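Form predicted on its own, single chain, as structure tokens, below.
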């Protein structure tokens, strides 16, 4: 079984407990204006060229492909979209078992949207759990219910994005309405899953949704944490390198903005935390 992976990041501390290895899957059903992983949006391989890093060595011969990216000594070219089979990838990730064991970490499946490649994600999670490795699934929730049902037995925690409750706001910010996302979150709650909510706070776009998010979440079980994330435009260079239109909002989310949202969510009795302090 094959899957398309945009990258693997080791020694990660932002994607769940302990020291984790994050696997970034290609493909996403949403088009969030503030997406900070544009290289994972499309289910096709892409080569990024970071012109400011290029030293003109000529090893790429002016090409833009997997081979030329591998030849680049300064990572001016980066290839996103390597094909893996589930067994080989599980074996590669198992190299980090000592770090997982000593830190209480594991593997986080992310993206893009990892569950868009549902069969591959489920098989990879199964193989990792068979090896005794903790698996977290980072999802936007805009996925088929059947995929969630199949991956639950191999998932220790879901990292679940909630960007807005108002369907119109969600559609403007992501290109899709959120009915499926909210229903899938209710389903995970009913199944007794451990769920950590991620709320990316983008001032001028979804900051007015905080009260609605609090009201919605307080009726759910299994919410172990709500992490309010600070928006930043650091991925702008990747849009340029990929030749993609940069959709990232020209806005600033401050520490005080995040703290304000955390206070609102706490007023609903929810376990909200400031993602700036945690990360």
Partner chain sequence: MTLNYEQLLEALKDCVETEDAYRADCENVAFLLDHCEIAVPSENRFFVQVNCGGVQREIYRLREAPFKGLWADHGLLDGIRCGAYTGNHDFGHTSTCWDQLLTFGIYGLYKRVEEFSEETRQDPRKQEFYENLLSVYQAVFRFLRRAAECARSCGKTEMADGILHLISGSPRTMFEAMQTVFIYYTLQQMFEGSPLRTLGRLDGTLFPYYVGREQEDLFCDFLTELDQIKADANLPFALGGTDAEGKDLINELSYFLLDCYTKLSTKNIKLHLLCSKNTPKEFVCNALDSVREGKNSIVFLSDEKVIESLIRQGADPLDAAKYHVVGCYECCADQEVPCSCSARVNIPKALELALNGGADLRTGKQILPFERTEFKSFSDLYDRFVSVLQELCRRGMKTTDLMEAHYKQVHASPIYTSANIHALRKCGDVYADFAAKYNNSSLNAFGLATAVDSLVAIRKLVYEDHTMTLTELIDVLRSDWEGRESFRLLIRNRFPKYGNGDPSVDVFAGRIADALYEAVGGVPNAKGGIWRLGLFSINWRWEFGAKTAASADGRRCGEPLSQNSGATFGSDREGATAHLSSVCAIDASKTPNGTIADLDLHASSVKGENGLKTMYATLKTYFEKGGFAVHYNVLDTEVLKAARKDPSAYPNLQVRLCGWNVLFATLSDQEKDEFIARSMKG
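The term rigid core refers to the maximal set of C-alpha atoms that superpose within 1.5 Å between the two forms. Residue numbers count along the first chain shown, from 1. Small disclaimer: the values here were computed from a predicted structure and weren't measured.
This next part talks about the form predicted together with its partner chain, which is not shown.
Using a 4.5 angstroms limit between non-hydrogen atoms, residue 266 is distant from its partner chain in the model of the complex. Its partner chain in the model of the complex is not approached by residue 191, whose heavy atoms all lie more than 4.5 angstroms from it. Within 4.5 Å of some heavy atom of its partner chain in the model of the complex lies at least one heavy atom of residue 10.
In the model of the complex, its partner chain stays beyond 4.5 Å of every heavy atom belonging to residue 180. In plain terms, the part of the chain that comes close to its partner chain in the model of the complex, with a heavy atom within 4.5 Å, is 50-58 out of 206-214, 236-244, 50-58, 29-37. Candidate site formed by 16, 69 and 276: every one of these residues places a non-hydrogen atom within 4.5 angstroms of its partner chain in the model of the complex. Contacts of stretch 98-122 with its partner chain in the model of the complex, defined by any heavy atom lying within 4.5 Å, are made by 98, 99, 101, 102, 103, listed in sequence order.
Core-superposed comparison between this form and the one not shown: CA of residue 180 displaced by less than 2 Å. Residue 133 shows a C-alpha shift below 2 Å between this form and the one not shown [criterion: core-superposed Cα displacement of 2 Å]. Core-superposed comparison between this form and the one not shown: the C-alpha position of residue 73 differs by no less than 2 Å.
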